[in-house]
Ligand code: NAP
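One chain follows as structure tokens, the form predicted alone.
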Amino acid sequence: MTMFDVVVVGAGFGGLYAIERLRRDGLSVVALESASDVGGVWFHNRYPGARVDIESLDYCYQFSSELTHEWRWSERYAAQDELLRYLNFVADKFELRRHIRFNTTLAGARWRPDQARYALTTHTGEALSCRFLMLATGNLSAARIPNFAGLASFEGEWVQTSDWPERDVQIEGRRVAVIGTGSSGVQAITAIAPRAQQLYVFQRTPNFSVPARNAPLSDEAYAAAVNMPDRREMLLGTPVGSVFGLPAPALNYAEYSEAARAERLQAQWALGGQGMNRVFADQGLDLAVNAVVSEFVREKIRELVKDPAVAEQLCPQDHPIGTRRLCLDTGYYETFNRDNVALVNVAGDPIEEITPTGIQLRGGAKYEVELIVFALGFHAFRGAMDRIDIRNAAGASISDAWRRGPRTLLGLMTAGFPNLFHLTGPGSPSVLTNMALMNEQHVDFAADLIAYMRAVDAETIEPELAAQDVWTDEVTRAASTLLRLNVDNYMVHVNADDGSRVFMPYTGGLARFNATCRAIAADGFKGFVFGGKGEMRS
């Protein structure tokens, strides 16, 4: 059995930085990565059109000024291939690959209280042991698998945006179907349409999408970012860990004149990006205010799509803007003006089955295609953890502890599971922030916690149950007035028995969260229980 101080699961943004920081702290560390190389979500999501929806200058590591100056982003929103090159560059620069076991999946982990260690088993049966287990598995990494009747009979080819093949997938000259119109679907549809002979877009629920306004990154913008003093601290002091592409701080809707409201809406549409969620400070809280922004975007859709009937089908009516993930696009709605693109609304006439030659709806309509692209999204937050059989001393799993919604301290640890870190988990700002920076922040807090344990000669660490309850209540309180809480989306856990709803990320913002973490650390990591005595050696 091979023994380590820390085993990290995953080699994406979080996993790579965890290796670098923990190794720098003098710990023996290995990362287990199921893929054949680094990159995480940017390794698997290599579908046509895949692109980040946070500005490239923010969506990157901030821990190394040297790294910041060495990498020059080419576009405002980096494409998947550039992001993957960046993560490979980081892995090479800091010589991280020698600490990673590729093509290796963690199958199970058992906490051994007599040893204060986890006993791990990989999918090949290899045994490892570690004092700390750090899950850098991501919140959007466990893909939803297509489960359509007849799929096995399909004589064409089918692929998933979430696990796109490394080989070339032929699109030119083929009849293609895309099923799903979330963020990945929007990007893939826009990129596939000009290449396919015919594209059928199967839409169950339309989502709001706004222009990304992607463009080459100017020398001025690059220089301003990399030469900004204390850039990392500045980003940690913002609500979402990002400064580019956002409107000036918003006032409540009522505080603007009618002319100023119209000007602000149009200015943000012209700027593009996620700022459409922040045109007015109260649009996420007040349904009437949100309706103004929602209808503004619907009117833009009607202007962009020539066929009025198609435009109306593309206009979301079942949820306020920003209550589901806002998509960014480069010409998505204009795609439906193409002669070779057809929208198939399956909300009222769902897909009945996949046939050998295509797709058949319940009403009998048939669409013959040669390639099906599934853009079905992910089992968010706990999906990747549920695929690993992690058990504590009592034989319980994280899923058992989170049955009625996640309960964590700072989104990082769960009571009853010593020495187990789940980076950017529920209860942290997580997917509501710049995830590159969020991973850095969480890794640093975990590493500082481990260093403190070494200083006080402790062997185990886990949250106090009372402290975890207080933090979980704070997460609930922060989200209690959000419109988003009452809309079904991947951030909301719904209990089947009584319909109670739990909003999983912390909505108080990264700045407040980071300040809370620092205050806890300064107070001897108050709220955490330290146990055991003895040196920490592997």
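In this text, all values refer to a predicted model and were calculated from it rather than measured experimentally. The first residue of the sequence shown is number 1, and the count goes up from there.
The discussion below concerns the form predicted together with the named molecule, not included here.
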item: The named molecule contact in the model of the complex: Trp158, any heavy atom under 4.5 Å; value: no
item: 4.5 Å heavy atom contact, Gln187 to the named molecule in the model of the complex; value: yes
item: Contact flag, Ile179 vs the named molecule in the model of the complex, heavy atom cut 4.5 Å; value: yes
item: Partner contact for Val52 in the model of the complex: the named molecule, 4.5 angstroms, heavy atom; value: yes
item: Residue stretch of 149-157, 220-228, 251-259, 371-379 approaching the named molecule in the model of the complex, non-hydrogen atom distance within 4.5 Å; value: 371-379
item: Arg117, Arg76, Arg324, Arg407 - the one with a heavy atom within 4.5 Å of the named molecule in the model of the complex; value: Arg324
item: Selected contact from Arg403, Arg72, Lys306, Arg204, since only one has a non-hydrogen atom within 4.5 angstroms of the named molecule in the model of the complex; value: Arg204
